[in-house]
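Let's start with one chain on its own, the form predicted alone, as structure tokens.
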Amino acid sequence: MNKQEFLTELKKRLSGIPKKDIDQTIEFYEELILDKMEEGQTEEEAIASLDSIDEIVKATLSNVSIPKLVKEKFAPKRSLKTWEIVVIASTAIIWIPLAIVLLSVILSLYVGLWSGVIALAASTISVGASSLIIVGGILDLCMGHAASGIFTIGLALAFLGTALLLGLLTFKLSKLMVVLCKKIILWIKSLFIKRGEKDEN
């Protein structure tokens, strides 16, 4: 694949993204290829040393906000005619509530996903706080109540161990949720790119 083929394919795959972002990406990779060629690489070697087009598209897409993609997709490419404005305004009673419902569903799913992590974190804190009964066990031992003191200390250590395990689980689950949310956002953004490709064809 030569430079022109690479840049043409990249531009095609980025369709649906705002033109400014496409131009910046194309310009960046064109300069990068030229720099590598100045260092002595052939055109094909320079292109082979770059990330794949899929990875470049993902990286570019992750830096473009969803509102920008929506604006690019749905912004009129020409001035609206009077009758079109009247139709949009008169149907607003239908599409505005539908948009609110859709946003509410997305928000509730997002909150629902994170509520499990928050509940687990709260459990970790409460179980960890319960381990403070170790103070009572130490006082029992000091007062000569060996059996109750040892039992209380053992119970406190069990709480502490459970809190540590729950803390580790909360940390892992939080990381997983961040990755999952990033993937979901990237998937939503990729829908605009795929639509852009279809519109072009």
Partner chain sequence: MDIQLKRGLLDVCVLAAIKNEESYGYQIIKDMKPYVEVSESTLYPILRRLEAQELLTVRTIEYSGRLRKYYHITHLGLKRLEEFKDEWKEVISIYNFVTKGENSNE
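Only a predicted model underlies this, so the values are computations on that prediction, with no experimental measurement involved. Residue numbers count along the first chain shown, from 1. Between two forms, the rigid core is the largest collection of C-alphas that superpose within 1.5 Å.
What comes next is about the form predicted together with the partner chain, which does not appear here.
Comment: the partner chain is not present in this chain, but in the predicted bound form one of 160, 150, 139, 32 has a heavy atom within 4.5 Å of it, namely 32. Though the partner chain is absent from this view, in the predicted bound form it lies within 4.5 Å of a heavy atom of just one residue from 69, 56, 166, 134, which is 56. Under a 4.5 angstroms non-hydrogen atom cutoff, the partner chain in the predicted bound form lacks residue 15 among its neighbouring residues. Shown alone here, residue 9 lies farther than 4.5 Å from the partner chain in the predicted bound form, counting heavy atoms only. A residue is said to contact a partner when one of its heavy atoms sits within 4.5 Å of a partner heavy atom; residue 41 meets this definition for the partner chain in the predicted bound form. Proximity of residue 183 to the partner chain in the predicted bound form falls outside the 4.5 Å heavy atom cutoff. In sequence order, 21, 24, 25, 27, 28, 29, 31, 32 are the residues of 9-33 having a heavy atom within 4.5 Å of the partner chain in the predicted bound form; the partner itself is omitted from this view. Once both forms are fitted on their rigid core, the CA atom of residue 171 lies 2 Å or more apart between the shown form and the other one.
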